[in-house]
Ligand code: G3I
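The chain below stands alone and is given in structure tokens; this is the form predicted alone.
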Amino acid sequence: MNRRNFLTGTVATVAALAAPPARPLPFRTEVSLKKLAAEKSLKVSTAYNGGGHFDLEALILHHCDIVTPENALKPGFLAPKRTINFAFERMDGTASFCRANGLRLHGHTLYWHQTQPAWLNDAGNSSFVRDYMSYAGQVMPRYGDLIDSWDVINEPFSDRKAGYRKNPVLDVHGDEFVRFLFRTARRAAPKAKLLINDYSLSCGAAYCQRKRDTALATVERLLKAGMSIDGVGLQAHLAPTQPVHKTPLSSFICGLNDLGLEVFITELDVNDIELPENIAKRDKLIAAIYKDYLGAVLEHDNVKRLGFWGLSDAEHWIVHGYAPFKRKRGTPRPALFDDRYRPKPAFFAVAEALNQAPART
């Protein structure tokens, strides 16, 4: 099991989540990432799984403009079976928190192969397209007043070859299904930014370059076919075992810019699997990874969002063991704040990277 199929916690009541946080920041930092980012025409987002964690919500309000529901908008969570009513409770709670506090939402995700509802397993069924259109039409407008953007399709590209990943839907329908998703999303959320989101688009390994080439070629092909797409999401789950190479990454971002597309950093964190057990040394190395990555991407004007896959170690998917790789010794420390919501060197490295980023048009 990993983060992508992990559905944590119990469903909180909408009323409990509707009120603003009951506490101030647990450890005050005068620095606000969203204020630093705003000076560079950037927005800041974070994943949040809901549940009314007041200390975490205080951090979110201080540092973020946008919330990405970690699990609550995934199709398999909302509609596991065709005959069951939509499970909107957790998502409604998160939406109430955002609405009460002036935050926006990033929709994650309209389609993802790992959380596919049971009624979509037969991709060749004649009702497939009709069912998915009905699903999108019921889900996407529900939070339309809050939605800033959507991951229309998540992780479509193969790690092993050029092209789409092996998947019952994409195997049968390919580009046709992707175009259908974007047409449906545009009708249901006409003001939202619509993205293709994927991982391994940042590292220097050969398979990452193949994936970047695939993403760029696919997006260009779909745009020429008339598809309405606004940008590409770089998940940016960084690891010292797969270091970022600035030149190919910058070339990719420039290629997307040439196509008129924006870039969103959507799920940034650092998997410290191979870093030392000593916390002080490890925190310093993690901070350097964050800063180096942001130094490579923030110089590009078409990078519009800096999104973290969780602000604190206390609620982080890596800490809770749902990342595909594990530390052999010591508790992971992937986020900007520790499990007591105290800022770590990574937080100050991110703040410094934002300060040092060039001005944008």
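From 1 onward, residues are counted along the sequence shown. Treat the numbers as computed from the prediction; the structure is a model and nothing was measured.
Another form, the form predicted in complex with the named molecule, is not on view; read the next lines as being about it.
> Work out which of the listed stretches, 206-214, 136-144, 172-180, 152-160, brings a heavy atom within 4.5 angstroms of the named molecule in the predicted complex.
In short, 152-160.
> Is residue 302 close to the named molecule in the predicted complex, meaning a heavy atom pair under 4.5 Å apart or at it?
So residue 302 does not count as contacting the named molecule.
> Heavy atom to heavy atom, is residue 49 within 4.5 Å of the named molecule in the predicted complex?
Yes, residue 49 sits close enough to the named molecule in the predicted complex that at least one of its heavy atoms falls within 4.5 Å.
> Does the 4.5 Å heavy atom contact test between residue 317 and the named molecule in the predicted complex come out positive?
Yes, residue 317 lies within 4.5 Å of the named molecule in the predicted complex.
> Just checking whether residue 202 would be counted as a contact of the named molecule in the predicted complex - the rule being heavy atoms within 4.5 angstroms.
Contact with the named molecule, no.
> Which listed residue (112, 132, 88, 164) meets the criterion of a heavy atom within 4.5 Å of the named molecule in the predicted complex?
Of 112, 132, 88, 164, the residue with a heavy atom within 4.5 Å of the named molecule in the predicted complex is 112.
> Quick one: which residues from 246-272 get a non-hydrogen atom within 4.5 Å of the named molecule in the predicted complex?
Residue within 4.5 Å: 267 only.
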